[in-house]
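There is one chain below, alone, in structure tokens, taken in the form predicted alone.
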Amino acid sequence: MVSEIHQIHNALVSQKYSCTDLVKSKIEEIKKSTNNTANFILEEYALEKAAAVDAKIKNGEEIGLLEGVPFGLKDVYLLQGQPASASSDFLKEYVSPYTATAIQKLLNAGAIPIVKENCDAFGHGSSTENTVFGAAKNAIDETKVAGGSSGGSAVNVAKKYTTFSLGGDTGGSIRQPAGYNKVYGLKPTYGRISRYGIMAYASSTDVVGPIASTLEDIRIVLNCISGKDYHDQTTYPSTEVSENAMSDIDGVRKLKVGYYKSFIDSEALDKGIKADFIKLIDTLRANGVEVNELDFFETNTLVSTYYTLAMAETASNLARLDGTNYGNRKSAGNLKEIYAVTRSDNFTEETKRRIVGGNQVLSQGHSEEIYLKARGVRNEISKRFSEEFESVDIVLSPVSLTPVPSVGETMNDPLAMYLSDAYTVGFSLGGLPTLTAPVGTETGIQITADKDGEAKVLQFAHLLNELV
């Protein structure tokens, strides 16, 4: 598929249409949509940016590749002077005082944000139903969920309302909705992209990443937003992924591939997804790709470890939201009651569930038995990943255990919602680069490499497009 970014760039340069007309058309499509993907449409802001691009073109000035390209951002990102609600009542009236680093890099490149996108409140969910703006609907079938927590972002890309979107991934929140809506979604290596200006869920696994309909667009956006940021001490200098590396099909065929037997043998795995995954493995082998079966942790261990740590971190991160410094403050008889009522009324049930769970595992008498043990298991998981990538270059896995659920199917079943992340959370705990590609199974295929292996991940996805 031809890069949409390149197509828009060429059309703007040749004056096939104006940037203003492009932005207006995308905004009108979002307004008319029944998918419920937009928390806030940035119409005035976006049209002002578009007019500036049109002026440059009219004056004969060159524009950059991303200049004038409309994009969306999950409503957990800060964009100075614009709303940032995290899909919650708590921050529904909150206005960003500064701009997130990743967003600023895109603004510097001339890209135009047009919409703050619907998501699960504070990233707490796997369907974009846990939102005060109402559930987002799947791009392919509106009776199905959008996935989460970056559901609005994935749907907007799939419906072509945005050229690309920035999601946030803590335990699968880019990869799973990308699979549900048949687009690409990349969770980069932890630290490759600054988290400054994104509302924290679990700081040790939160990452910023792109969602797009083509691999080339993923590559372009990834290169733009990567790199060291003094605001975020976990970031590191990164090497760009070159366009030539993407097209080296012969070199990619030499990569050794692995898959986890425990994932495929799970009784919870849908039979159709399992059959499609095995068929993909057979196709790779038939085309000369070496594929090895690997042993790994059971999915229940990965899920319980992830949620123990994620809930603990979100309880800590959201302690700042008490109505005093941020958000919608409620009235009560004294300060203690104000805190209690404010948090009780403004947080969704799922967010409260995760805060209570996090406080429990951090509490005296439980932290050593639960939280510290989970940290120890995480270290073992990371060690095992390092060992696995000594023998293989790529790990393939399904994105989800089951096909896309219907709207309302998992909202009242938290355990089912948590287990829907069974195949994504392990790679988050390892901080590894993982891409969902919309091939292979109904909800796509995850392609994972060792840390800083984004080039291999994108290369292999390109190979899958050739073979599947």
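Numbering starts at 1 and runs along the sequence shown. All values reported here derive from a predicted model rather than from experimental measurement.
Missing here is the form predicted together with a small molecule; even so, the following discussion is about that form.
Figure note: of the listed segments 213-221, 245-253, 90-98, 172-180, the one touching the small molecule in the predicted bound form, with heavy atoms no more than 4.5 Å away, is 172-180.
Note on contacts: among 358, 125, 197, 113, the single residue with a heavy atom within 4.5 Å of the small molecule in the predicted bound form is 125. None of 307, 277, 371, 347 but one reaches within 4.5 angstroms of the small molecule in the predicted bound form through a heavy atom, and that residue is 307.
Heavy atoms of every residue among 201, 354 and 421 are located within 4.5 Å of the small molecule in the predicted bound form.
Although the partner is absent here, residue 153 lies well away from the small molecule in the predicted bound form, with no heavy atom inside 4.5 Å.
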